[in-house]
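To begin, one chain is listed below as structure tokens, in the form predicted alone.
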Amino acid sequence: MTADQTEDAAPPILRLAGVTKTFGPIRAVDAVDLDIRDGEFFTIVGPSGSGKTTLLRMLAGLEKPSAGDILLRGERVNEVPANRRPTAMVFQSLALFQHKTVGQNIEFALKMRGIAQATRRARAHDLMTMLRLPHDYYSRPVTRISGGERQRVALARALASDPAILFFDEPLSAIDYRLRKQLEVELKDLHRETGKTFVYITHSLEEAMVMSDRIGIMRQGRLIQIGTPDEIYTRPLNKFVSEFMGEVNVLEVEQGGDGALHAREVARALKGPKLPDGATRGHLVIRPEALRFLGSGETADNVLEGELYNEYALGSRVQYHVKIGARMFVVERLREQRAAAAPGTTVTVGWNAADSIIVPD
């Protein structure tokens, strides 16, 4: 899917029609069509070089499209600069003024608009309350607060002018894991509290899955699939999306005359969904959580035997690597369902046909 089709009757707050950006011979963004709904949390995910940051910069007014149109509430804004749009950006670097206080950073856009000092200060204090910043930080230099607190100051500054849309350019990519998880929750809560439209860019699947209402997967300048986190995780349109959305087991298969799927890598005929009409090859995708260890007398539609190569504790979950033929399979279980076998022993794993999907290249 290269365009977003929605059944919602309400017009989108932001619409892209054939938006393209070229840099000389390089087509960084290639004819993107997209509707973003008012009040949704929309995340664009893609590997480095996929065009996601260039796309965001065009949406924010920091770059002009080479072709196509960007419509904000139905009005074409291709030529409208960032400071004249009802939008705000939270940058990866945060771009805070290091020589200013917390309050001065939050109030900056309001001061540029000539808003009275008392009004600015009241707005800053309201936002500091919302973002859990102590009011006595108002006069504290921004260099004397923690990394997480600086993230909150950047958010407060973006919200100060009451924008219709907030754009986020990978704001959590440079912080440690524990703080990132905390801020993911706070961002999702903030989205609910404000009701504003959030457009978020990240290369992290985990961030996108935790926070988003919908996700757009970007590759080589194009949006190749758009959907809810559950739709994209359970029904990827191709091999790239299935692998990008996390660790997954993918087997190249051919449809045999007997109707079975033949996988050379494990030298087995497997049960699973049929290939699309006219196709003779495809990829069978099995999520790690769909695989299970089989004990004596237990069975599944597909059963394979291999060596338990290693196990990795992931908090409440345990991930196992099982070597079957030349392939390493990934099995994921809850901690209370962990395998009794030790690495180096022979194990049997299985999955049901209904727990797998077929995708093209």
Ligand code: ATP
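All residue numbers refer to positions in the sequence shown, first residue = 1. Keep in mind it's a predicted model, so treat the numbers as computed, not measured.
Missing here is the form predicted in complex with adenosine-5'-triphosphate (ATP); even so, the following discussion is about that form.
A.B. asks: Have a look at 331, 36, 70, 28 for me and say which one sits with a heavy atom within 4.5 Å of adenosine-5'-triphosphate (ATP) in the predicted complex.
C.D. replies: Going through each option in turn, the one that passes is 28.
A.B. asks: I'd like to check something about residue 295: if you look in the predicted complex, is any of its heavy atoms closer than or equal to 4.5 Å to a heavy atom of adenosine-5'-triphosphate (ATP)?
C.D. replies: Although adenosine-5'-triphosphate (ATP) is absent here, residue 295 would stay clear of it in the predicted complex, with no heavy atoms inside 4.5 Å.
A.B. asks: Considering only heavy atoms, tell me if residue 54 and adenosine-5'-triphosphate (ATP) come within 4.5 Å of each other in the predicted complex.
C.D. replies: So residue 54 counts as contacting adenosine-5'-triphosphate (ATP).
A.B. asks: With a 4.5 Å heavy atom cut-off, would you call residue 231 a contact of adenosine-5'-triphosphate (ATP) in the predicted complex?
C.D. replies: So residue 231 does not count as contacting adenosine-5'-triphosphate (ATP).
A.B. asks: Applying a 4.5 Å heavy atom distance criterion, does residue 170 contact adenosine-5'-triphosphate (ATP) in the predicted complex?
C.D. replies: Yes, contact at 4.5 Å.
A.B. asks: Heavy atoms within 4.5 Å of adenosine-5'-triphosphate (ATP) in the predicted complex: which stretch among 43-51, 297-305, 332-340, 318-326?
C.D. replies: Of the options given, it is 43-51.
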